[in-house]
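Let's start with one chain on its own, the form predicted on its own, as structure tokens.
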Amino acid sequence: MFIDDLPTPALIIDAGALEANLATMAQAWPGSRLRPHAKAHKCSSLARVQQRFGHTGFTCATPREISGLARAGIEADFLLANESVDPARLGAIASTGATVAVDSDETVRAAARAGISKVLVDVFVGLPRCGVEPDDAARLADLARSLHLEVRGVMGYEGHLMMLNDPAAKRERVTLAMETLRDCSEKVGGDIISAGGTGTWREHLDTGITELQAGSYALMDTSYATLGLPFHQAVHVVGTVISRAVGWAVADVGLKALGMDHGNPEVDGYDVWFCSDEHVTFAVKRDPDSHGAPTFLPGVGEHVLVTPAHVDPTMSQHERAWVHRDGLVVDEWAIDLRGW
């Protein structure tokens, strides 16, 4: 089977590009230095490939991702890098030996009640999301130990800095955020300082963290592509042109097949006008500087490649991915970690 034979919309992964991305990151962040983030792909088959590149731990955003990886037979050092006070969900992953992020008395006590044995203290380093105030990190660690939890260290996510395009400003601000995290590490104790992502993989080579939580590097998207990272676009959605007018064409890849929070996708060098539930409308580029762009629209029944702007939610919209080499489908992977 070739990708042109697939019913659309179809999520496809270029095996060569994926392997090149994994090799590039594994060279810079080998073994346990990288804790790949499963939320970026939600696919146990892809996680197994990441293991083959030497990585022994996984970052997860939901308990379901951890339990799904375990059900798939993947044995690893799991980190739930997200807060939860749900006793059923936490209890369901206790047997995996997972480490859980905590940032409050409530999350510490919930972990203890659910039978979780290990935690990381999640520290606020600038992104207004989760994380305990730095001045309270040591007290929270003491509370965890008083409840017989092992405190493995600290984590912090500087997600607000991922998309900075100014290299000097990014390095300075990442460095400052990690100074806060390292200071908390000395007070909290433990061996782990966990942080970062695909957008700051290079800056962290000398910030003193012990592990990087990168995920999007494996498959990439148009948003991260603007940063000039050394990773290739490995995932696309194949669409079929289902309507064509004088000035535009429509393919069957819409909001229900894409993550749209980072903006419109790209379609084979055309101008994307907008997406609706089941459709993407696109037209020939009118920019005179668009050298090499198509000067005609594809006909009804022809296929186009749609490149998502945000890979994580795009993956969660699909039940399966088709792995190909030069257009020949070589495998089918279930997106088995999706949902709650």
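All residue numbers refer to positions in the sequence shown, first residue = 1. These numbers come from a predicted model, not from an experiment.
The same protein has a further form, the form predicted in complex with a small molecule, not shown here; the description that follows concerns it.
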Just to confirm, with a 4.5 Å cut-off on non-hydrogen atoms, which of Thr99, Thr107, Gln213, Ser185 contacts the small molecule in the predicted bound form? Gln213
Assert contact residue (the small molecule, in the predicted bound form, non-hydrogen atom within 4.5 Å, options Val235, Ala137, Ala81, Ile209) equals Ala81
Per-stretch contact check against the small molecule in the predicted bound form, the hit in 112-120, 248-256, 213-221, 174-182 (non-hydrogen atom, 4.5 angstroms): 213-221
In the predicted bound form, does Arg129 have a heavy atom within 4.5 Å of the small molecule? yes
So in the predicted bound form, does any heavy atom of Gly190 sit within 4.5 Å of the small molecule? no
Quick one: does Phe231 come within 4.5 Å of the small molecule in the predicted bound form, counting heavy atoms only? no
If you check in the predicted bound form, is Lys39 within 4.5 Å of the small molecule, heavy atoms only? yes
